[in-house]
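Coming up are structure 1 and structure 2: the same protein chain in two forms, each one given alone as structure tokens.
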Structure 1
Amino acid sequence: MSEQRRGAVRSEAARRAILEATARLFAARGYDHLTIEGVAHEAGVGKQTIYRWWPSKSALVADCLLEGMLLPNRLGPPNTGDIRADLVTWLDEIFELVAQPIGESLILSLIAAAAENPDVGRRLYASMGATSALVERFEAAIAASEIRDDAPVQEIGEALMGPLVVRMLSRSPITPGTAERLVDVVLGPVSVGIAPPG
């Protein structure tokens, strides 16, 4: 194996070790008590190795989330065959998560990382793009004739995510029925049986 190849393997192993250490420490201590020094010690690397790839703690946590190492089962909606009920369940789970200190810290760190690092922002957008679990759920709803086949699935996803971000940043209280109202507003124009505008 060439020196360049060995270096690439070692670098990838170190990167994975750092992400896995971050996920463990985040789960054990939460965002506020997570430190780069602690991650370096847990991963068995130097702090400079971490800073080589991530400019901040929020960027590191965001990468863990985007890699599916934090909350892997809570970022996509279920598929029970009822798109409205599935989206309501999904939003309620996110609202429940954000109501917990560790969940709020996680989501706000992701937003902060995306704001300060264009690459994280692009990866975040891609994760909600054409291959995301949310868009896949909309495409399944189209196949099942739950929503119109010309529904703009990317924009529908963005329309659902936008209010989530605004509510998290403003710390607006979530009242009963919030998820249902958001879903009704977003799905109303694309529901089967409603003619498209124009």
Structure 2
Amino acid sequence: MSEQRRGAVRSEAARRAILEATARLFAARGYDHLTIEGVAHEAGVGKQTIYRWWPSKSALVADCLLEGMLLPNRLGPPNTGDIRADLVTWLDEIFELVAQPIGESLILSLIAAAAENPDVGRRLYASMGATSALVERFEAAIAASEIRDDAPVQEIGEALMGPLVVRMLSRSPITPGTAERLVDVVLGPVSVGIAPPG
């Protein structure tokens, strides 16, 4: 009835050692200086053990992402009841991360990995909260009538994340006030916000 399984079972120790080594080296040296041989050596593992389970280094990175070893798994905005302030808080948090050289090269490396491997892209997108934490915050805002209930939340989310990516790729500096201006752009300036109920 059930699937036959024979032979030794996959070693969890090796799996973890590999992912941890990958995360360590990725953070230390960036995506394109990451090598399978380096990971194997760092993890104390044969190369074949890596190739047995992952097809490429980008798949390795994707798995690290999935396990939350490169970024906090749910990086979303807070909910203080004030959607504009919460989004600004969240953006500023991210801006601060990427303002540091290490944060910048980490994100650029992730972008490079995502460009190369669809899986990394999908997981990075999920990780960055664009689908989960951020959307939840918008739904809460709709429920609280902070924003219109027909607001295109996916587009709004991407209009917040996207500029970050663009600035990083173009190496444009992120000036003070950028977060506020972005939130104003996507939610509309305060003065033209939706009318309060009643």
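Please note that residue numbering is based on structure 1, beginning with 1 at the start of its sequence. Definition used throughout: the rigid core is the maximal C-alpha set that superposes within 1.5 Å between two forms. Here the structure is a predicted model, which means the values were calculated and not measured.
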Chain form predicted on its own, by structure number: 1
After the core is overlaid between the two structures, has the C-alpha of Ser145 moved by 2 angstroms or more? no
Look at Arg181 and decide if its Cα position differs by 2 Å or more between the two structures after superposing on the rigid core. no
Answer yes if the Cα of Leu164 shifts by 2 angstroms or more between the two structures on a rigid-core superposition, and no otherwise. no
Can you give the C-alpha shift of Ile18 between the two structures in Å, rounded to one decimal, after superposing the rigid core? 3.2
